[in-house]
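Shown below, as structure tokens, is a lone chain in the form predicted alone; questions about how it binds or moves come after it.
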Amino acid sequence: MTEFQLFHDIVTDPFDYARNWKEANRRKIVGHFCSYTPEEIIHAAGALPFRIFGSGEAISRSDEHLQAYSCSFVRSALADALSGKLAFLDGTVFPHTCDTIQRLSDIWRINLTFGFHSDIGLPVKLDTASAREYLKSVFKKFKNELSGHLDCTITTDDLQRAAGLYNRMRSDMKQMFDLRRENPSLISSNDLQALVKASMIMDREVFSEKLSAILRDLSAIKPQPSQSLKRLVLSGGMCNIPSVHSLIEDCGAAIVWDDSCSGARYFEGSIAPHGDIIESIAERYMDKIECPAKHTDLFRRGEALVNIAKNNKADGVIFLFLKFCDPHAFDYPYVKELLVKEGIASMLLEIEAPLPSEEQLKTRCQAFLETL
């Protein structure tokens, strides 16, 4: 759809968008790597939160610093930084997530000199009162550090406005996913993927306005008779390969939900508008379904995926993991077992940039769909 072309353009060349935005707005840009980064605080500081995805170009530049068995996302991001593509950043934030991102933080600090460097020590175990209090203190410390790095004052009103904006964005993105679930022919998953990724890159106020307008137009379209497509849920970490969604759908499937950190897990939940606003922001990050680099209990993630598959009337689940992503690989056996117990078929696709033969992936997808 032409309405989504802006998002595709931004996702295709996020660096050009960021450089132009910075020049036009005379404001700062803060890079980050994870959906646990409190973007609301960065936005309240007047800066643009910029999710680093990795361009996949000249990835071998990172071989001097990272093992070849690090995931292609981290290797690609470091290669982009070393080549100067991220020189527009005024700082970079590293939340405590997987081991590879934590080690990337050290490598980044030692070898790159542009902008400030901030580590956010998030708790790993999220189901205790002490972890909840700890995360609130971490976010308050981050707010104060960010004020110093960006030479600005972050007021309660700034944070309230940022929380309100992010609540609108997340609610609208959830509605967009719901529309597609009910009527997959309305929006291609490729368009939806571009929209979610653009929401992590572009000016959030502009994005929210564009999204609301598209949502109004799509909501007015009467549902069309659905095609006999197999309904699939995707589950995994960050997907930085846009062609995968189209490739799966070209095999005769409809992706009715995307349970990934570059999908629904990015916009899940909302911030309570009352009480201490920093604490309300922290509460959302505590309560959303965790990624496998975090922990609440033994089965919460798996049970959540089973419910997602059932609620979306999915015929099957495709696990879409970046190669060498240890946290997702560690969780996979028990999550798959829960799906098997519920009679939900699944398939694991390990990917990395650049993609292997497209025909090879298509053959695997087609074979899986034939079993459903």
Partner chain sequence: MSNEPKPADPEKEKRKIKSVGKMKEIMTGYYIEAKTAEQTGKKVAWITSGGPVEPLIAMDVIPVYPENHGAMIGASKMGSDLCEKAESMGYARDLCSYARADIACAPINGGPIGGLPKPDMLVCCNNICGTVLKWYQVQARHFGVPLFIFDTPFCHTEFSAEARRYVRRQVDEYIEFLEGVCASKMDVDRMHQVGRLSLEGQRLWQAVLDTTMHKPAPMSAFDAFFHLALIVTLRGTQTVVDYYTALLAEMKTRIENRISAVPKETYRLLWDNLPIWYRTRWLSEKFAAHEACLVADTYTSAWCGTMKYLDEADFLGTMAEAYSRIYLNIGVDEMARDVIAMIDKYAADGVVMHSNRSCKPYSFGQYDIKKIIQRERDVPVLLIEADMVDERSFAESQVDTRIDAFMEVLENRK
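If you're wondering where the values come from, they're calculated on a predicted model, not measured in any experiment. Numbering follows the first chain given and starts at 1.
The form predicted together with the partner chain is left out here; the points below concern that form.
- Screening 295-303, 268-276, 201-209, 152-160 for residues having heavy atoms within 4.5 Å of the partner chain in the predicted complex returns a single hit, 295-303.
- When the partner chain is considered in the predicted complex, S83 lies well away from it, no heavy atom lying within 4.5 Å.
- With a 4.5 Å cutoff on heavy atoms, P123 counts as touching the partner chain in the predicted complex.
- In the predicted complex, no heavy atom of S346 sits within 4.5 Å of the partner chain.
- Put simply, E358 is far from the partner chain in the predicted complex: not one heavy atom of it is within 4.5 Å.
- By the 4.5 Å heavy atom rule, the three marked residues K230, D287 and K310 all fail to count as contacting the partner chain in the predicted complex.
- Of the residues given (D106, D250, E182, D217), D106 alone sits with a heavy atom within 4.5 Å of the partner chain in the predicted complex.
- Of the residues S246, S147, N111, Q175, just one reaches the partner chain in the predicted complex with a heavy atom at 4.5 Å or closer; this is N111.
- Although the partner chain is not shown here, in the predicted complex the stretch 41-67 places heavy atoms of D63, E64, H65, L66, Q67 within 4.5 Å of it, in sequence order.
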